[in-house]
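Take a look at this one chain, the form predicted on its own, written out in C-alpha cells.
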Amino acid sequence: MAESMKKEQPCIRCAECVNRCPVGINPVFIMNTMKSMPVDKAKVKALDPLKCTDCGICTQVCPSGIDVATIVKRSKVIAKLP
C-alpha cells in the first residue's frame, strides 16, 4: 500500500515528529492543542508553530500515518490571530 494511502491511526506518542523536527518545535503538542475544542489560541501561540518551515518531516516519520504537517500549518493561522 502506498504511503499516501495509509490509513491514519491514533497517535502512539512515539515522539518521532519531535525528535526529527529541524526547528525544535513539538508537533505532537501542537496537534493535540489544535484537536481540543475550543482551540486555546494562547496555548497554540506558546507552542510557537510559526517557527515551522513546512518541511513535512513530521508527517513523513509518523508511524501512525497522521498528517501532522497539515495540522501544524493550520495552527500557524491561529498563532497569527490577535
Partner chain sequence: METVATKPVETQVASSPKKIRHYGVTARYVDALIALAPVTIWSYLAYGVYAIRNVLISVVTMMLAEFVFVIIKNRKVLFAKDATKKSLKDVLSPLDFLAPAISGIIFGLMVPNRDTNPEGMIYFYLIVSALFGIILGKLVFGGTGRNIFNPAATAFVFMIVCFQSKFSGAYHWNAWGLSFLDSSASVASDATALTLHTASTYTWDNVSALFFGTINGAAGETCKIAILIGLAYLLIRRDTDWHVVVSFLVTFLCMSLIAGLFMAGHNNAVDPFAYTFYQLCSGGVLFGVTYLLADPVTLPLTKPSRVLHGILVAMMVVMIRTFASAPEGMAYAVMMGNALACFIDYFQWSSPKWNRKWILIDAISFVVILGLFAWCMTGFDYSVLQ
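Positions refer to the first chain, counted from 1. Owing to the predicted nature of the structure, the values given are computational and were not obtained by experimental measurement.
One more form of this protein exists, namely the form predicted in complex with its partner chain; it is left out here, but the text below deals with it.
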Looking at the partner-bound form in the predicted bound form, is E16 within 4.5 Å of its partner chain by any heavy atom?
yes
Answer yes if any heavy atom of L47 is within 4.5 Å of a heavy atom of its partner chain in the predicted bound form; otherwise answer no.
yes
Tell me, yes or no, whether K73 is in contact with its partner chain in the predicted bound form, where a contact means a heavy atom of each within 4.5 Å.
no
Residue-level contact is defined here as any heavy atom of the residue lying within 4.5 Å of its partner chain in the predicted bound form; does V68 satisfy this criterion?
no
What residues in 24-46 sit within 4.5 Å of its partner chain in the predicted bound form, counting heavy atoms only?
G24, I25, N26, V28, F29, K43, A46
